[in-house]
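As structure tokens, one chain now follows by itself in the form predicted on its own.
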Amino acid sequence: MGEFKVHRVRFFDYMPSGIRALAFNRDIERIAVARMDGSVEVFHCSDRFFQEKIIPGREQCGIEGLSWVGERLFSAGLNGGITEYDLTNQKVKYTVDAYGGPIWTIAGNQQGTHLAVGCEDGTVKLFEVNEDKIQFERNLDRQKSRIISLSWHPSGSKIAAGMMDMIQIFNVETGHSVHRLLADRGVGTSRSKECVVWSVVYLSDGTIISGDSVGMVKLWDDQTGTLIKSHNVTKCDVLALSVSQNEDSLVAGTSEGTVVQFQFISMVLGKDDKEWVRTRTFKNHTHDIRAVAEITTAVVSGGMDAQLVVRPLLDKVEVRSAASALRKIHFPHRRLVSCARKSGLMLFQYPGHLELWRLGESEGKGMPGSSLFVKRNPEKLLHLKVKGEDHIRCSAVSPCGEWIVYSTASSLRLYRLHCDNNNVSITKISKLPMVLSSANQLCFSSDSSHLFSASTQSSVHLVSLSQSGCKFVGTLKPKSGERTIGFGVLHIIEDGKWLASANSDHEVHIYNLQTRKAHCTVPVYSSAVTAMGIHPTTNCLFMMYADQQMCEYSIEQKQYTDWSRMVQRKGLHRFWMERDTPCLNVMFNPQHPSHVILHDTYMLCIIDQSLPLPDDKTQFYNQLTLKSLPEEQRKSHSHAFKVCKTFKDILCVELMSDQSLVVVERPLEDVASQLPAPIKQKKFAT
């Protein structure tokens, strides 16, 4: 497999933000996730839940609800504004003030014509959705308490609004309340304690389902305004509800961290009389579940513990595959760590600041698997705060360690770093080219002489760096011309001849940096590119995809290599294909040209292209078996994949210039220890 001296880094205190809202779009198979720091993420449900887009948050910008209208995404929050997002450029498009105080909920009708928001002042406000913007239409009857939850009837003619101690049913055409449903505060509950209706769902048959702070899921009749049935789900709060498309399944998220499923089934075999019955309980969270969404074949939930859990519903999964496995998404599907390979520096990206660290040093050599004595501890050199309210979108440090760059949604800043023994200072480059207003991806050339900035116009801007500052050199554009499209991955070869870029339409463009022109385009694959790298000697582009497939493309010959064709012909081992986290980096070892180094959240892998591929009958994790065999028998039992699972919860792996590996880990136990305490629950025999 190869031996490396490994810097095992665990001082990157990245803390994922809790999940506040979910919104699923069945037409485009995307689910939007809003976090408590104001950021919004979009996952592709049919592409292994790959995180396609991330819209960074802002300070003091809490989101309370999300809603899709067609392919447009809207949010609302306690700042009192309704925000539409530019998903292509991955930024806020505009914000409209609702003038009703903090907004607690937002919902769009199925017709895609109107948005309704529930406000602190007791009003439900209707906004008309136009092509370019939303426009206020009118208020429904004002209530005495804040509107906590909303749900449209599928016909768009009525709205159910949950609030303190009651549910109001509004006629959208007249704006008047037609029914008032009083919520019971529960047996033994103090009269001074209000019952909060956290969530409501309006079904096409006129049934209204509510979840409240008493721990009840209640079913109401909108014609008579009476309670049909109530289910006692928990002693705590029912915070979120979601119903399936054909309205035969309902899921409820509780503050105990459980998801409870109800199904609309017949109690007697052969009878048509159906009713809502509690069928399953899932326990995959440790803290409050603030949002749930029932998608085509699974239940997606998220809450205070910051993990997005995808729980498949096995009765809706026909074939056992990677889609039928439980999936937990803890960390972003992008790199938050940048390494200066030649100077031993690391740049950690937090939402509101950057940290620059110098790696420690060890002395002597040891046996494989042993720990070396640390001669010099890692040292924090710089803490750089972001100017303004916007959070950081992307950042990079140059290989020589002299340049630091970061971009938000509205600005880009470039700094020159000066290190004199233990004295560290930075100088801001004030006069930047106009094209560097913002970037989706950033990277430096291997000699640190150029900066590459990926824009949203499907182009890459090239800037030269020198002692005096920076100068705009040119723009690399694809042969198909400029289109407004977001970027996913950017990579440059070590000798500075080629640059490859992947966008959110799964297109991979390769540019010749000497002529500054587009060289070729890799054939489009159905899955998104998660990581790629250009081999320094063969000039082959190695690509990893969200569905765990891999391809190798010869840049000079403009075609797939023989090794890549063999992979597609023979297929990859099922253990490899069933992994549930994407590869985030592709590296090459100059001492072993046939080795490709990859990593995801749970493993580090070296692919030896000179060895045969394993089939499904071959033992995939075979390192221990090979160690037990004599030297002469090992080669006949070896295959191309060498997997190391020593490291857990990996955020970054980078191969440094001295052939050492930097492995940045963020143990989930450390994340859990920094979460607020969950609701105390009595356990058996305690």
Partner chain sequence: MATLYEGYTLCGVGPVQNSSNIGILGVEQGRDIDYVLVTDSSRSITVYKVSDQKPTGSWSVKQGQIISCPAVFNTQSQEYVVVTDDRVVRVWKEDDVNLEKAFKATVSADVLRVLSATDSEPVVLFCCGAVRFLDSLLASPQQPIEDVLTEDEIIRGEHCLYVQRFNPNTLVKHRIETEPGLSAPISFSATCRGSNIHLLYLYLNGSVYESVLPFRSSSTGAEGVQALSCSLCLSLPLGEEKLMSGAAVVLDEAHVAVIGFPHPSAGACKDYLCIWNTHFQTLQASKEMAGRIYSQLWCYSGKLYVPHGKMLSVIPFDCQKSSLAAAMGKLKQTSRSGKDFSSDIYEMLTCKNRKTCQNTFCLIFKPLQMDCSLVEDVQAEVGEFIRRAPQADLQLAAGRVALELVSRSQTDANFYPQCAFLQLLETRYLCYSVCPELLSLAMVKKDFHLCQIAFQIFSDIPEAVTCACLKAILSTPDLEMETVNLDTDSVIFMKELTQAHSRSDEEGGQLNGFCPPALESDVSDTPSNKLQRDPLSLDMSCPVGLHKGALLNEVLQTAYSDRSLLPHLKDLTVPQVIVFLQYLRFLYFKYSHDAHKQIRALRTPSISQIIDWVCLLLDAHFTVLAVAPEAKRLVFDLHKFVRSQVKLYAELGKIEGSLQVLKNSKQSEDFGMYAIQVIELF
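Positions refer to the first chain, counted from 1. Predicted model only: the values in this text are computed from it and were never measured.
There is another form of this protein, the form predicted together with the partner chain, and it is not shown here; the text below is about that form.
In the model of the complex, at least one heavy atom of F647 sits within 4.5 Å of a heavy atom of the partner chain. Proximity of V374 to the partner chain in the model of the complex: non-hydrogen atoms within 4.5 Å are present.
The partner chain is not drawn, but in the model of the complex it has a heavy atom within 4.5 Å of V9. By the criterion of a heavy atom within 4.5 Å, I606 is counted among the residues contacting the partner chain in the model of the complex. Partner proximity in the model of the complex, defined as non-hydrogen atoms within 4.5 angstroms of the partner chain, places exactly one of 555-563, 261-269, 442-450, 365-373 at the interface: 365-373. Comment: the partner chain is not present in this chain, but in the model of the complex one of G496, G388, G206, G360 has a heavy atom within 4.5 Å of it, namely G360.
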